[in-house]
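To begin, one chain is listed below as structure tokens, in the form predicted alone.
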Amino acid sequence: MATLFIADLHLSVQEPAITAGFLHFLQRQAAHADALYILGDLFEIWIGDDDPCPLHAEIALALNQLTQRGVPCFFIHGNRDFLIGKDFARASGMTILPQEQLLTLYDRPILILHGDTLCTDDLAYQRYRRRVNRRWLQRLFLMLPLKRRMRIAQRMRSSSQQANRAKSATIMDVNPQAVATAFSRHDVKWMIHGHTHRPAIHTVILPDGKAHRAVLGAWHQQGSMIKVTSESVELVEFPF
């Protein structure tokens, strides 16, 4: 058996092929797993659990069917869907985890996270992240009418895209010291995350030996998952 990890699907009504690929993945691959972990950015935009978008109901139903088949599903918020709340979690059967979670899978300790907290060289993004994760600001935002929330979210997304075009690739990748600190803080030799859209399994040299950082790819033209078994940690890319 295996435990599967995915991230950065960025599901939206504008990308039906990705949605179809995800539904196929749930039916054909995740259905046979010990568990499924979604490490953030499942959706491109999330403005609240009360958004009546049919896509959200479709995904909730598919995830709920997976959990009803006996495959538990866990979720860590990403930078796009940090407002996913208890109502969607209940409808989908997902368990929401904190931003960093330590697992032990097949006797292998693993730290999982979305990955944006490791990108500490991107100072503008880290300021933005601290601001939007203020609980009082989130509660205020969720009190606004849906149409106004959507306008704000679209405007913020447009601003983010413009800002990212002006940033170097290095700034938007993880900071080596932040990675080393996370390994040390949790005393592990394996880490799995998404966010950077740079799929790979990196070897990291630490003062007390080697560690490994497994990075998930985004679901643009194909699917990406990390498959953990008792024998290995494997990055797998597959067609929709």
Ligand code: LP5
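One rule holds for the numbers: they count along the sequence shown, beginning at 1. Keep in mind it's a predicted model, so treat the numbers as computed, not measured.
Keep in mind the form predicted in complex with this ligand is missing from the figure; the text below concerns it.
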Want to guess which of 69-77, 85-93, 138-146, 98-106 is within 4.5 Å of this ligand in the model of the complex, heavy atoms only?
138-146
Evaluate Ala178 for contact with this ligand in the model of the complex, applying a 4.5 angstroms cut-off between non-hydrogen atoms, and reply yes or no.
no
Can you work out whether Trp46 and this ligand are in contact in the model of the complex, taking contact to mean some heavy atom pair no more than 4.5 Å apart?
yes
Any chance Leu111 has a heavy atom within 4.5 Å of this ligand in the model of the complex?
no
Does His193 make contact with this ligand in the model of the complex, using a 4.5 Å heavy atom cut-off?
no
Output the sequence-ordered list of residues from 124-144 with at least one heavy atom within 4.5 Å of this ligand in the model of the complex.
Ala124, Tyr125, Tyr128, Arg131, Val132, Leu137, Gln138, Phe141
